[in-house]
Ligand code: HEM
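A single chain, nothing else alongside it, follows as structure tokens in the form predicted on its own.
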């Protein structure tokens, strides 16, 4: 089987019962699997809330490692809209010409370096570096900050020993505290200063609220972007004709990006907490228990997507939910799309072929389901 093939472990359960079940640190989760049901639950924030105990809607739960509420991610309407309005324009900056030019330069340098090597371990030597360097543009901070972020590894809350690491989380919190203090002393045009000057409903954001926004920005787009970049490279390594087609038909580039995101679904799912006794797919959901919106399963729903388990590089109708759906659709989606767009354009310009030399798959265990989300490591050669 090709390294870039990602199977759909949820297909049978999605068709037969509509949900799956898993235990997460003794706080069970019922996974909603169908596209229609996922979108319906995502839209119903009154019954399935995000504003529960901080960390509880994440799977695996982060309740035991943080008490900081990630904003606006863990806030429900109407407050969610007020917080989101503070940062929405900032997160659209990746579309600006100067931002794109700097991103093109960063990615061009990285690919030029890869072309000089006999082998590149893509997770740590390419995708993590790309993600961290690009994040300096989103934060509007010096490029040198990326070296610190690269040193944290691919996860900000995970270490080699454990999926959730309170000690590692504290490194991030201490770093943010330091940067906020620096911006208080010397305000500038960076993200921290933007948040320190912001108001919500006529009141300045508290330090804890600002920290919640920054933590979300660091953690929410880290392993997801790394997975998206790595998995896309693996796809083009094994499907060079697709890259050639995009070169010859540049009008399909945006379709290709959406399709790669749909197929690989870098984030498997995201949780919600029920506010009342209810039902999903005729299964009882008790108040104060968790469901998850399984984006990966919804994105393979054959009742919505023709050839759901194939990459259709020019798929025109593509209502995928890889960036979430409804009120809480991903703030960083524009940044992620722009990274993939610039990456693909640069590959077309500079690279003749990519070889996969060795790969170790990253498999998530979700109750009875095992899902490939990417790679723990993957060696490639850029030609």
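None of these values were measured; they are calculated from a predicted model. Residue numbers count along the first chain shown, from 1.
Another form exists, predicted in complex with this ligand; not displayed. Remarks below refer to it.
Novice: Only one of 34, 60, 51, 332 has a non-hydrogen atom within 4.5 angstroms of this ligand in the model of the complex; which is it?
Specialist: Only one option qualifies, and that one is 332.
Novice: Of the options 133, 194, 80, 300, which one has a non-hydrogen atom that comes within 4.5 Å of this ligand in the model of the complex?
Specialist: Looking at 133, 194, 80, 300 one by one, just 80 meets the 4.5 Å heavy-atom criterion.
Novice: When you measure heavy atoms, are 255, 338 and 347 every one within 4.5 angstroms of this ligand in the model of the complex?
Specialist: Answer is no for this spot.
Novice: Considering non-hydrogen atoms and a 4.5 Å limit, does this ligand approach residue 324 in the model of the complex?
Specialist: Yes, residue 324 lies within 4.5 Å of this ligand in the model of the complex.
Novice: Is residue 224 near this ligand? Define near as a heavy atom within 4.5 Å, in the model of the complex.
Specialist: Output for residue 224 is yes: heavy atoms within 4.5 Å of this ligand.
Novice: Find out whether any non-hydrogen atom of residue 328 is located within 4.5 angstroms of this ligand in the model of the complex, and reply yes or no.
Specialist: The answer is yes: residue 328 has a heavy atom within 4.5 Å of this ligand.
Novice: Answer with yes or no whether residue 263 is in contact with this ligand in the model of the complex, where contact means some heavy atom within 4.5 Å.
Specialist: Looking in the model of the complex, residue contacts with this ligand do not include residue 263, since no heavy atom lies within 4.5 Å.
Novice: Out of 263-271, 167-175, 108-116, 304-312, where are the residues with a heavy atom within 4.5 Å of this ligand in the model of the complex?
Specialist: The contacting stretch is 263-271.
Novice: Relative to this ligand in the model of the complex, which residues of 237-258 have a heavy atom no more than 4.5 Å away?
Specialist: Nothing in the stretch sits within 4.5 Å of the partner.
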